[in-house]
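Below you'll find only one chain, the form predicted alone, shown as structure tokens.
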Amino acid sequence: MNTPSPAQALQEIQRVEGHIRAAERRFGAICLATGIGAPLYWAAMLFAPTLRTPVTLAWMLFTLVLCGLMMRIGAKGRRLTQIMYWVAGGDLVLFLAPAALSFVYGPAPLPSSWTVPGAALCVASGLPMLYAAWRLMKTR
């Protein structure tokens, strides 16, 4: 069995680290797309009820495409796992908050008294993914 030289071992470590960093950046781009898309989706759902069907269909297609891209990433490092563990919980809560508001008011648009809180919930729905994108896409 051949033992690699220290230079070969270092080269292999750098190759693997580069592969993991590239995977983190790709996943960060997916998080960025989701962080931008979620507020747009909820704004349409809450403030433009006539667009609910096409927006829902577009969101479903968007989600399927992003899931397919996530499946192809392959490598994941400890940093990606740690970031996504916490971001997933926050995203679940903040993404479902506008859903609760939509459920309460049904198919009607939000009353004008809910414009500012509704817009704030729409923006908040994308914040966890935007945070993950920022953390994953910045250089170390």
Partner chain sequence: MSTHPRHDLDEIIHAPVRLSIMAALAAADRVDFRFLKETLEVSDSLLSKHVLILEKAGYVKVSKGFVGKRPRTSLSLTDEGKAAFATYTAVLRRITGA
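Here, rigid core means the biggest group of C-alpha atoms that superpose within 1.5 Å across both forms. Residue numbers count along the first chain shown, from 1. Computed from a predicted structure; not experimentally measured.
What comes next is about the form predicted in complex with the partner chain, which does not appear here.
- Interface membership of G77, defined by any non-hydrogen atom within 4.5 Å of the partner chain in the model of the complex, is confirmed.
- By the criterion of a heavy atom within 4.5 Å, A119 is excluded from the residues contacting the partner chain in the model of the complex.
- Shown alone here, A23 lies within 4.5 Å of the partner chain in the model of the complex, counting heavy atoms only.
- With a 4.5 Å cutoff on heavy atoms, L64 does not count as touching the partner chain in the model of the complex; it lies far away.
- Scanning I73, A29, L40, L57 against the partner chain in the model of the complex with a 4.5 Å heavy atom cut-off leaves one residue, I73.
- Residues of 7-39 placing a heavy atom within 4.5 Å of the partner chain in the model of the complex, in sequence order: A7, A9, L10, E12, I13, R15, V16, E17, H19, I20, A23, R26.
- For A9, a C-alpha deviation of 2 angstroms or more is recorded between the shown form and the other one after rigid-core alignment.
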